[in-house]
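Below sits a lone chain in C-alpha cells, taken as the form predicted on its own.
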C-alpha cells in the first residue's frame, strides 16, 4: 500500500500518540507495545488529523519550521507510518 497524495491522512484509531514523561518524547502506544518517536516524526503524525493531504502537511511543516525541501523526507516517513498502520488514508 502506498500513499495517495490526494487522500487526507488520519492517525490510526487503534493507536494512541502521546507524550511519555519517562522517555521525554512522544510515543505511539498500541496493544502490542510502544514506539518511541523523534521530534520530526511526532510533528508529522500530530498533523495527521484527517484534514490534510501530503502536500498540505508539507506546507504546514515547512512553515512551522521555517525551512523548505522537506517533502521527500515527509513522504518517506508517511509511507513507513502507513505500512505500520499508524496512519490511514481517507
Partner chain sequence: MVGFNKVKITPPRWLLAELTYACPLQCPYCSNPIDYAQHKQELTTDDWKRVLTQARKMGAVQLGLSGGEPLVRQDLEEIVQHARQLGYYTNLITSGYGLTEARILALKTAGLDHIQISIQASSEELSDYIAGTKSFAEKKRVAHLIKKHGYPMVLCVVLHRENIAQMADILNMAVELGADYVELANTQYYGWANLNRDLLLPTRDQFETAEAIAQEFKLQVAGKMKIYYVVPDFYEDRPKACMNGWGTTFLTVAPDGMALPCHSARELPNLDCPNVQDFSVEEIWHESKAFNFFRGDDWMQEPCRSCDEKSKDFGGCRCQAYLLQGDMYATDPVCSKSPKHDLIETAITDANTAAKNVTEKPLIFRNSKNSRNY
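Positions refer to the first chain, counted from 1. Given the structure is predicted, the values throughout are model-derived calculations rather than measurements.
Omitted from view is the form predicted in complex with its partner chain, to which the following refers.
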| item | value |
| --- | --- |
| All of 22, 30 and 34 with a heavy atom within 4.5 Å of its partner chain in the predicted complex | yes |
| Heavy atom of residue 75 within 4.5 Å of its partner chain in the predicted complex | no |
| Interface membership of residue 90, its partner chain in the predicted complex, 4.5 Å heavy atom rule | no |
| Heavy atom of residue 68 within 4.5 Å of its partner chain in the predicted complex | no |
| Contact flag, residue 84 vs its partner chain in the predicted complex, heavy atom cut 4.5 Å | yes |
| Residues within 4.5 Å of its partner chain in the predicted complex, restricted to 50-64 and counted by heavy atom | none |
